[in-house]
Every structure is written in C-alpha cells, then in structure tokens.
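Heads up, the chain below is alone and in the form predicted alone; it's given as structure tokens.
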C-alpha cells in the first residue's frame, strides 16, 4: 500500500470524537470524513469539535451516502449506537459502498447472540462485496471475553470462569448515565428496570456467547441481575451531580448455565466516582480448571480511551481479514499500531489494492 489508508468516522459523541482525534495522530492514515446523526452538527468543521483552535477542512455531514461518494474511504469506524438493530442500517450502507467496517456498538461484538438473522445478512452482504466487518471495544470485545479466551489457551480443562470489571463512569456523557440509572432514586431505578429505560451494561450476552463459541460450549440459559448502587456521599462529574441516597451506578451480573451448572459468571459494577467510597477499580479474571488461572489488574483499563485505541489499532487486521462478519476472537490479536499503518497492512496484505 503506497497511499494513506482513508478512514471515515461515524459519530460525533465522546467516542466518535476520541477516535477522530486518535486517527489524526496516526502515520499512514488519513481521516477523510465524519458523519453525525445529530442535525445540529451538520456542516460544522471537525477541528474545534476535537479540540483544535482552528478549522481543519473536514466538515461533519448528516448524509452518509453522499459523504461516502465524496470521500471514498477504505474503512469506516462506527460510533453512533449500541445495538445491532440500530447499527445495521449504517453498516449496510457502508458495505454496499465497498467499505470495511469497525463498529463499537456493544452488540456488534457478537451480533449473532441478539440478532442472528441480521448477523447472517450482514455476513452474506460483506462476503458479496468483499469487505470485512468487526465489532470491538473494551467491554464487550476485550476484558470480559477476548482476554478470557486467550487465558483459557493454557488450560487442558475448565470447570468455570468468573470475570469481574469494576469501573468508573465519571468520564462518560449523559447517555451512559441514563442507561445506568445514575441520579435516580432507588424507586425510580426499579421503575426504569421495569420499563427498560435503565439497562445497565450492554454486552453480557455477547461476551458469554463469544467465550462459549471459542470453548465449544453450548449454553442452556443466561440469568442477569441489575441492582442499584446507592451513594452514601455527594458525587459530581462534568455532566451530573448526585446526592446521598441517589443511585451512583448499576451492579450488573450475568450467569451462564451449561448442563444445569453455572459455568460463566460475569460481574460488572459501574458507577461514578467509586473512589469516594473507597471502591478500587480493576479487572479480574479467574478460571477454575487444569491449571487454575488468575489474572488481576488495578486500576481498571480506562474504557473510553481503550475503546478508541482498539477501534483504531484493529484497522490493519480488518483490512486484511477474509470477507465477512468477524468477532475479536476470529482475528489476529490486537496490538498498538505505533508505526506507519501501511506497514501493518502490508504485513497481513492478502492482495487487494487500496490505492
């Protein structure tokens, strides 16, 4: 590959803008276009949105198809939504324009778990158009699934897996706070669970099925529980302030059963400012098997920063993957892309030209 890899970003929220900033720092990559669902962003120059003090000549657009025709990217990174149903339309448009896709929509990490029909349609369309599609992110996509799968590689036998991620949501925006029920009263949190406005973590089903598929396990059922984390102190972030007695986060767990026995347990308490109540963040994995495996690290791997990095670092893997829909367990392991991105593509190149 001689010319730069042309990349487009979909989404101008915190994740989309973070990805755009990182792309601008990478050698061998050219950010050629940005699409936004938000009407008020249409026509704005990207520069000030990502912290530059002047325009950089990239205008945000609300017209995805027109932007694709004008910019002709090799690959696009989607950061507009969380579910397969919501992501599928944009991904379909990208595929039909011959563009490879990396999505950070949580359910796209293993789309067959929630939407098998759509996943099959996207796979067939990607094969027809000779492009590759990947869902990734810190979780799902790495900590509670890919990392577990990699650690299982040293095991001759496994009885059960328990993985826990304790994280701080303080850096996130209004959408995440709303999904976690942060700022609600305990009663309103319960009502939110009932009417599904409080969803907690999106991705347990995807992580469990990714692990199970890698191990060859058939899962009987998955049981999930969501409970409010009630703050005992005042907590404040750039977008929300909560008082004692209000909900600071969601304690969300999922247990997967195989042959009537619990085999995968995922635990994910998420809240703002956990340190104010002496809660230490971190990532912890335990595999009971032969041999037993334990891995832990504190503090947590920062979710937002890590998701942006994963999306960008997987560009060469996706560009050189076989056509179709992939998970993180299907492709070469991620690595920081510190050199010229074109060198990474040349390393894995399967023969296409992106000139």
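For clarity, every value in this text was computed on a predicted model and none was experimentally measured. Numbering follows the first chain given and starts at 1.
As for the form predicted in complex with another copy of the chain, it is not shown, yet the points below apply to it.
S.K.: Quick check on residue 17: any heavy atom within 4.5 Å of another copy of the chain in the predicted complex?
M.R.: No, residue 17 stays farther than 4.5 Å from another copy of the chain in the predicted complex.
S.K.: I'd like to check something about residue 251: if you look in the predicted complex, is any of its heavy atoms closer than or equal to 4.5 Å to a heavy atom of another copy of the chain?
M.R.: Residue 251: no contact with another copy of the chain in the predicted complex.
S.K.: Although another copy of the chain is absent from this view, report whether residue 233 comes within 4.5 Å of it in the predicted complex, heavy atoms only.
M.R.: Looking in the predicted complex, residue contacts with another copy of the chain do not include residue 233, since no heavy atom lies within 4.5 Å.
S.K.: Can any non-hydrogen atom of residue 152 be found within 4.5 angstroms of another copy of the chain in the predicted complex?
M.R.: It does: once another copy of the chain is placed as it appears in the predicted complex, residue 152 has a heavy atom within 4.5 Å of it.
S.K.: Pick from 204, 142, 189, 172: which residue has any heavy atom within 4.5 angstroms of another copy of the chain in the predicted complex?
M.R.: Only one listed residue qualifies here, and that residue is 142.
S.K.: With another copy of the chain left out of view, choose which of 267, 229, 158, 125 has a non-hydrogen atom within 4.5 angstroms of it in the predicted complex.
M.R.: In short, 158.
S.K.: I have 146, 313 and 322 flagged as a candidate spot, so tell me whether each of them has a non-hydrogen atom within 4.5 Å of another copy of the chain in the predicted complex.
M.R.: Yes, the whole candidate spot contacts another copy of the chain.
S.K.: Could you tell me which of 305-313, 29-37, 59-67, 43-51 sits within 4.5 Å of another copy of the chain in the predicted complex, going by non-hydrogen atoms?
M.R.: Heavy atoms within 4.5 Å of another copy of the chain in the predicted complex occur in 305-313.
S.K.: Can you tell me which bits of 204-231 touch another copy of the chain in the predicted complex, meaning any heavy atom within 4.5 Å?
M.R.: Sequence-ordered list: 213, 214, 215, 216, 217.
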